[in-house]
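Read the single chain below, which is given as structure tokens and is the form predicted on its own.
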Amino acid sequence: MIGDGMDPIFDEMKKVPVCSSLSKAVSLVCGSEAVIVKKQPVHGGDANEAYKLFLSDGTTLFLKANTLSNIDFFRAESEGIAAIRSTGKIRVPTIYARGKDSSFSFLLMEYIDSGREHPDFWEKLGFDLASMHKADTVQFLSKGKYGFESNNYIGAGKQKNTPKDSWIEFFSECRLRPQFMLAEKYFDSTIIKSADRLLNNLDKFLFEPKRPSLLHGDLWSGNFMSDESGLPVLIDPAVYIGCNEADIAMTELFGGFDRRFYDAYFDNIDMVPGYEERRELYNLYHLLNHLNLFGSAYLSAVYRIIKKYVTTS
């Protein structure tokens, strides 16, 4: 056991079988007699195909599928879910197996029926997320305080997680700088200079947290759900160790979170003064990622935020 009674993340990862076919994965989960009798498409995500599987023994499972070349997505997702599960603070789906078939890669996991939100859904989501953010993080990194033991993905974009001792350095070198470099094709020379100036002055806006936090990393309204009992479940993480404010900022980027969520969250964890002034800087990372993935519709928002902070510095 390491810190706060939690099991090390990679011990759990070793328990997730890597299979050479979907049929072998199903057999491992439900026995050799079980076969898939029906695949029902599940809509909502944009990075993977998703299906509800109905098995001959009455079991239902959830399948994510992608191309063979994108098999690493599922390694990263498995590690992220294992990390969140290890805190014991909020529900995530159980991962049963991952691997590849003849023409696709896959992740086989628990199918969770979505129920009507419990009356206390938002309060519980806020409280549980704060509890996760307060959980010990020593198990996730062998060196450094911020980052993760492996790189992963933010949507379809690659996410660099090289461990650092400083949050400000991590956010600069592993979050903003890689996205700025990818986005240079959209930038003129003035914005390139402004981006460099912003990176060199991040310490004027950000602070070093008292406590590193395990972050979901991609916390918008499409990445949580209510389970059979109407209680919150986190899905599709892009985890790393960082400042808790980065998760909260993203919940405000596209909306969809009830005020009760924030009240419960900040009843369980202190808000550091000045968060409102830092919020757009955290979200610049996600807007840059959207710019690099989806194109110039996000360019004006990126320009505005860069100019805002450079003018202030």
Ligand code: ADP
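We number the residues from 1 along the sequence you see. The structure presented is a predicted model; accordingly, all values stated were derived computationally and were not measured.
The discussion below concerns the form predicted in complex with adenosine-5'-diphosphate, not included here.
- Although the partner is absent here, E110 is a contact residue: one of its heavy atoms lies within 4.5 angstroms of adenosine-5'-diphosphate in the predicted complex.
- The closest non-hydrogen atom of M132 lies beyond 4.5 Å of adenosine-5'-diphosphate in the predicted complex.
- K64 belongs to the set of residues with a heavy atom inside 4.5 Å of adenosine-5'-diphosphate in the predicted complex.
- adenosine-5'-diphosphate is not drawn, but in the predicted complex it has a heavy atom within 4.5 Å of V42.
- The contact with adenosine-5'-diphosphate in the predicted complex, taken as any heavy atom within 4.5 Å, belongs to I235 out of L206, A183, A97, I235.
- Checking A47, M271, V35, L68 against adenosine-5'-diphosphate in the predicted complex, a heavy atom within 4.5 Å turns up for just one residue: A47.
- Contact check at 4.5 Å (heavy atoms) against adenosine-5'-diphosphate in the predicted complex: all three of P93, G222 and M225 pass.
- Contact annotation: adenosine-5'-diphosphate lies within 4.5 Å of heavy atoms from the stretch 111-119 in the predicted complex, the single such stretch among 111-119, 191-199, 137-145, 172-180.
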